[in-house]
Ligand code: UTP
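Shown below, as structure tokens, is a lone chain in the form predicted on its own; questions about how it binds or moves come after it.
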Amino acid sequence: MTKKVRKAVFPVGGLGTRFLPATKAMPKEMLPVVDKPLIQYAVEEARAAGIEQFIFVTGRGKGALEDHFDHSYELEDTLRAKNKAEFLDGIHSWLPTMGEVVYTRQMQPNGLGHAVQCARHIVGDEPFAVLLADDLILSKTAVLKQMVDAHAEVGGNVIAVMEVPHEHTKRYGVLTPGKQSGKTIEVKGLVEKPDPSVAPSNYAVIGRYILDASVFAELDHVGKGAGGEIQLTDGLARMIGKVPFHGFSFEGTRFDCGDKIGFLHANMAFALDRADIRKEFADVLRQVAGTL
């Protein structure tokens, strides 16, 4: 019987250099899309998938992120005094409860594989999710919930994949696909950021994973890979044939919010998805389009 996925790891130790100077004193995961920071979207997605414990792998200068998931007594007292009940409810509805959040530190910026390794003693020997806040996905059903449901059927590793233009394979981990059944695709191989001339497919791995805990042992044996970092993809590649391993072609639209254009695109798409501001924002877009 497949174990329930109860824990999720959020690697949030990155420097966010592509968004300087905005990220000089603010974690990139706190950049807002409409009125919520990226990391809150990721946490809400995990909660919608039934996650019970949220593990943040942080680095230096991430205090604002930790404060965001804590009570702000001065703010809350002020809102009460001004009878702003709707704002109070809006804050309390997503705050984790006592014991749900754990923080651990990635002391060196050694890549995603290293960040995941930093959570090994908190995760233990059970399957767990990994969510990258930079990858924001607009969908009717939370993507991690879609993946958890698939994992209950197939077990092992389930990684989110999407088809990308072949010339973009050098930006992603790319899988060698096997048999496909519905939205699940057997993973025969994985390679990190291959040149398009040698890429085994255009199925790219994006920032949602459900992993067997044996990945930690595999990461112990990988050296530095692409970019001189410990790549999660390299550890996952060592698991092929050892545990069931599937890509999952999810329902939803993914936005790369680690990129300025992707971030701006996400703000527009999420604003247009909001019933409370859709009409006014559409009018603004039409005005701006008219000036081009």
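For clarity, every value in this text was computed on a predicted model and none was experimentally measured. One rule holds for the numbers: they count along the sequence shown, beginning at 1.
This protein has a second form, the form predicted in complex with the ligand, left out of what is shown; the following refers to that one.
Listed stretches are 84-92, 67-75, 109-117, 145-153; the contact stretch with the ligand in the model of the complex is 109-117, by a heavy atom cutoff of 4.5 Å. When you look in the model of the complex, the only residue of Val187, Leu132, Val123, Ala160 with a non-hydrogen atom within 4.5 Å of the ligand is Leu132. By the criterion of a heavy atom within 4.5 Å, Lys24 is excluded from the residues contacting the ligand in the model of the complex. Contact check for Lys62: no non-hydrogen atom falls within 4.5 Å of the ligand in the model of the complex. Although the partner is absent from this view, Lys28 contacts the ligand in the model of the complex, with a non-hydrogen atom inside 4.5 angstroms. Under a 4.5 angstroms non-hydrogen atom cutoff, the ligand in the model of the complex has Leu15 among its neighbouring residues.
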